[in-house]
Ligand code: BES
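One chain is shown next in structure tokens, namely the form predicted on its own.
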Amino acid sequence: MKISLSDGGPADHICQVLVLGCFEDAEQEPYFTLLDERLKGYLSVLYNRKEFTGSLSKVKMVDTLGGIPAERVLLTGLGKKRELTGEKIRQACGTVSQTLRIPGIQSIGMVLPGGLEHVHAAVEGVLLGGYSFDCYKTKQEEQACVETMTILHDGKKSAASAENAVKEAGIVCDAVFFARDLVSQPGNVSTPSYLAEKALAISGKHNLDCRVWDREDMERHSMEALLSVAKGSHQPPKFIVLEYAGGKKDAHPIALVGKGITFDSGGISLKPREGMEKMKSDMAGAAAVMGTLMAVAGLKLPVNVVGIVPAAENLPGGGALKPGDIVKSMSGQTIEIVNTDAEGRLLLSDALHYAQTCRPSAIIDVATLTGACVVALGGFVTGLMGTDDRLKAGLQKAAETTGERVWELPLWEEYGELMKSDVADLKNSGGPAAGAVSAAWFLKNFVGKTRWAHLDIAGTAWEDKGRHYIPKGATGTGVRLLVEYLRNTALK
């Protein structure tokens, strides 16, 4: 979609659909009053009849009947005026994008309150809300293809910053699409080798350094925990490292670690059959990290970042990891396997220990780690845990800006009792109680003294129904959150 800015008046703009941001309050913006006059008071009539109230993300399409050059007006609710935020703009514009999936609509105009200050959120909402993954459909239905969108403003503010906001929003959305596409791919396509190929492709396009370790490389580095997960699969594991050097040469990087289980059957501790097809999404943490590196490079942020992706398939087989096995991690710590479906933390244990060798200023891992986090927080909030208050506060601030909400769970030492083993240093599962926290406590043992935060995206990586700018399916969660965090870090 081509997105442009114009200081022309909405009453004179030529397009097929003019999107009009409206409030729930009686007092509307001057552009609403102007268009209401040109349409002979019809917009006010809709309010008076309660056919449209301005409630957040509610929409109403009306024909202009030649009253203005735009063929139709799409009234879009923004909620109460005093409560307007960038996230509400994003949600409303996502709903607009989904509403306009009508064959034949190619050009739209958009006028929102606040002039240019909400441009970034509006562009994100429109682009993210219009996403679809249909590359495997052989019979393509006729769908809307909005080709151009013009954001109209009053011309009182400089358009340079808004043009930059449009460009940056496009870069970030492309990275989210990349992550969504990776997660949406079926398990017979998206293998560890496929992730490695994609990493190499984006490194070439965005001037990133990329290294891919095979099984032999991991064996040389004693990554037995990671390798043990892949023992039941014919797909070889991969260990992927992407590096972006946009900051000072002597500045320590921020390490991002993403869980890359390309399909998770549970292994010998087999999952129930219902919903197992969604386990292709168990590499959403890896997708988020790769997408973040792609966006950071595209934005040319002045920061150093290392992206680490341990990738494997978790299947039952003759050589598969078994309950009761004991494996040694790269750190030297031994782990008793009590549940082969608690495999993600095994990959991450080696990846987190490796991350320390990069001498990072902080480590952030992203993982679809526990069903317990879904039980605790549902599908709308990512679980946040960690060892550093400043790091967690930075992620919470980024969450407020992006709408990718996080909620901190406790990580007290008492939870470590759940992970003690009688025969090894640790066991890989503490049972059903406090499952999200005990999993994070397990990971804490492999980060050393480095500042560390853990994001459990098990509930937020996949959307079952679809809402505003998050269509049904893979969400690409984590990309915008991490990019915003890194942007804020770079500005300090």
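Remember, predicted model here, so these are calculated numbers, not experimental data. One rule holds for the numbers: they count along the sequence shown, beginning at 1.
Same protein, other form: the form predicted in complex with this ligand, not shown, and the subject of what follows.
**Student:** Within 4.5 angstroms, counting heavy atoms, which one of the listed stretches 401-409, 68-76, 172-180, 335-343 is next to this ligand in the predicted complex?
**Tutor:** Flagged stretch: 335-343.
**Student:** Does the 4.5 Å heavy atom contact test between Q185 and this ligand in the predicted complex come out positive?
**Tutor:** So Q185 does not count as contacting this ligand.
**Student:** Please determine whether M218 contacts this ligand in the predicted complex, using a 4.5 Å cut-off between heavy atoms.
**Tutor:** Although this ligand is absent here, M218 would stay clear of it in the predicted complex, with no heavy atoms inside 4.5 Å.
**Student:** Is A458 a contact residue for this ligand in the predicted complex, using a 4.5 Å heavy atom cut-off?
**Tutor:** Although this ligand is absent here, A458 would touch it in the predicted complex, with heavy atoms inside 4.5 Å.
**Student:** Report whether the minimum heavy atom distance between D264 and this ligand in the predicted complex is within 4.5 Å.
**Tutor:** Yes, D264 is a contact residue.
**Student:** Scan A372, A320, A159, L301 and let me know which has any heavy atom within 4.5 Å of this ligand in the predicted complex.
**Tutor:** Spelling it out, the residue with a heavy atom inside the cut-off is A372.
**Student:** This ligand isn't shown here, but in the predicted complex which of T368, T292, S349, S228 has a heavy atom within 4.5 Å of it?
**Tutor:** It is T368.
**Student:** Tell me whether Q235, I308 and E313, taken together, all sit within 4.5 Å of this ligand in the predicted complex, counting heavy atoms only.
**Tutor:** The answer is no: none of the three residues contacts the partner (heavy atom, 4.5 Å cut-off).
**Student:** Enumerate the residues of 269-305 that have a non-hydrogen atom within 4.5 Å of this ligand in the predicted complex, in sequence order, or give none.
**Tutor:** If the 4.5 Å heavy-atom criterion is applied to this ligand in the predicted complex, 269-305 yields K271, M279, D282.
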